[in-house]
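First, one chain by itself in structure tokens, the form predicted alone.
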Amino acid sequence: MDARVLSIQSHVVHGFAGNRSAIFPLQVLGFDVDFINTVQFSNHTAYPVFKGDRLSTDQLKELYSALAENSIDNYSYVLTGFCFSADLLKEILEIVRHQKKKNPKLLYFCDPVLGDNGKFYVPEELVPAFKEALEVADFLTPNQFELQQLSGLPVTDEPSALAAIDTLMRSHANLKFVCLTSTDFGDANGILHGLAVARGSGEGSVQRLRYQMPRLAESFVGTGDLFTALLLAWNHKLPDNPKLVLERVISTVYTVLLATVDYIKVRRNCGSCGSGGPQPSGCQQQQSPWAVRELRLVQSRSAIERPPPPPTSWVQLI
């Protein structure tokens, strides 16, 4: 059976976040993706204005039941991201359990979107709901703040981060791979620092990896959603090789961000928006600054398909 993904996360009409960040790279890499949108917003929430609707628990049940009744609910992977309520997340976990019962080989990739930089994006009641998700997740991609919330331990440096990851993996034998996607450990040196722990094939064996790349002086939305989707794709293509998987993932993410930064520079210097340079097609003077920071995913298709090799120092075994 071809690899099929059910992706349940947010959607934006304009720009790239949630499913809009995840689906395109997965399709480019050969995956058949079905998706359910937990929210449908005009744009991501960093813009001054956003409008749209949220998916109710009953609507989710209705959508999934129709898939099941038509016998078109056959998946290799479930991928989840932003969810705004504990009740909706619990219903999503019922879908995951149903899928695992149908296909014991199915893998669940959980991006536990709670917040960042010490602040919650969602109601705090989602913390215990995501702790319930730990019981069925195979791959987990928290940031520093989310790892602290899920482990109940302080995460302030590399040793404390590894201790928190080890705590989660010891108490949840189902967890095969935990990736700490971003931290502030390397901020003083302008480095984005992350960690990953992957279970090995032998009893009790694990691989611990450190990854790093230059931190760019811009703010982006949708990079975590892109990261987790790429992790799913490259783990499928390169099973049992977490170092090479991480190299492909961070190389792709960094290349997309560089393309986005280049576009930001052009737009800021154009005749309509900035200091009088050439005006790109479609340039609009009154656009939100966030409009030029949308990820240049489509323009980075070749890098998604064939990630350039990163410097050897970017991913290292610990």
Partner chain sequence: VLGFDVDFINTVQFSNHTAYPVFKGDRLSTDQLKELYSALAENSIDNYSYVLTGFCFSADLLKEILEIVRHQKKKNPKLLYFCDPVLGDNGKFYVPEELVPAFKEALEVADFLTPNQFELQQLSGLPVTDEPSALAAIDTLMRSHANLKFVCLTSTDFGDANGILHGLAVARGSGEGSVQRLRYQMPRLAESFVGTGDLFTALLLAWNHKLPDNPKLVLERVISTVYTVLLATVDYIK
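Predicted model, so just to flag it, every value in this text is computed and none were measured. Positions refer to the first chain, counted from 1.
The form predicted in complex with its partner chain is left out here; the points below concern that form.
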Could you tell me if Pro310 has a non-hydrogen atom within 4.5 Å of its partner chain in the predicted complex? no
Taking heavy atoms only, is Gly52 within 4.5 angstroms of its partner chain in the predicted complex? yes
Is there a non-hydrogen atom of Ile72 within 4.5 angstroms of a non-hydrogen atom of its partner chain in the predicted complex? yes
Partner proximity in the predicted complex: Ser251 to its partner chain, non-hydrogen atom cutoff 4.5 Å: no
Which residues within 21-37 place at least one heavy atom within 4.5 Å of its partner chain in the predicted complex? Phe24, Phe35, Ile36, Asn37
